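Quick heads-up: it's one chain on its own, the form predicted on its own, in structure tokens.
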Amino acid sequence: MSLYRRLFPEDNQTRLWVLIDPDKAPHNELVKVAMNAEEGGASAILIGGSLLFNDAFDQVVQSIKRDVNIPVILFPGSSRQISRYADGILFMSLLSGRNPQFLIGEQVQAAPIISSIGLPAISTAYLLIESGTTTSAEFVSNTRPIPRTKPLIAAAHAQAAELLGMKVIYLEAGSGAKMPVPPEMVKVVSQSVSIPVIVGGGIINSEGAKTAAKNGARVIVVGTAIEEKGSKVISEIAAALFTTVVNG
């Protein structure tokens, strides 16, 4: 089975992925979070962040990969965040912004490395959505997010991504967002494309996850909620998604 099909099975079930930022905790705690995520019902682990202060990125990825059986996928904030030990990488272009560094510059630097180590890559359109605060991704990328009251602008970006051949849309409110991606925006984008839509940022409980799923999200990404509420939130969200039918 291909990595893509493993991550996005052909059913109406929304999956939960857990995002692990290597800068947020000591190495052993990151591994523990990954193990708890798998036990709680997550179907994949994302590793990455806007910055990278941890000089043991490879070691973190390798350790997590060794201790879990679900896919470990890179979620790179830059071309520095690449590891041969992952199962794959979301090869992202910050399509909502107009900064060439994150539209194509980082990708050009990363592509030869990804190709040389044979790392499976999933072409992903990364769309930052206004969330009520300036997030790390917004500040570091020096790009403006799509206004949360403009779902048609988000949909147009998503349609452009699909026409360009991208395989996934990632709607991102940002780490520590005050507000998640609006349900109406999730719905409009999901109905505008035939490729999977991932939604992350600002989802802190099962109700928020269910709302995104009901409006078409194929994957919910949770990170900050675990830092704030502990690993129990993983099983709560996973259980809620198991009973939710995607309407996208």
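For every residue, the number given is its place in the sequence shown, counted from 1. Note that the structure is predicted; figures quoted are calculated from it, not measured.
Unshown form predicted together with SN-glycerol-1-phosphate; subsequent notes refer to it.
Heavy atoms within 4.5 Å of SN-glycerol-1-phosphate in the predicted bound form belong, among the stretches 64-72, 185-193, 200-208, 36-44, to residues of 200-208.
When SN-glycerol-1-phosphate is considered in the predicted bound form, only one residue from Gln101, Ser93, Gln159, Ser175 comes within 4.5 Å through any heavy atom, namely Ser175. This chain is displayed alone, yet in the predicted bound form one of Leu16, Leu19, Ala240, Val233 has a heavy atom within 4.5 Å of SN-glycerol-1-phosphate; that residue is Leu19. Remark: Val219 does not count among the residues lining SN-glycerol-1-phosphate in the predicted bound form, judged by a heavy atom distance of 4.5 Å or less. Applying a 4.5 Å heavy atom cutoff to SN-glycerol-1-phosphate in the predicted bound form picks out Tyr126 as the lone residue from 119-146.
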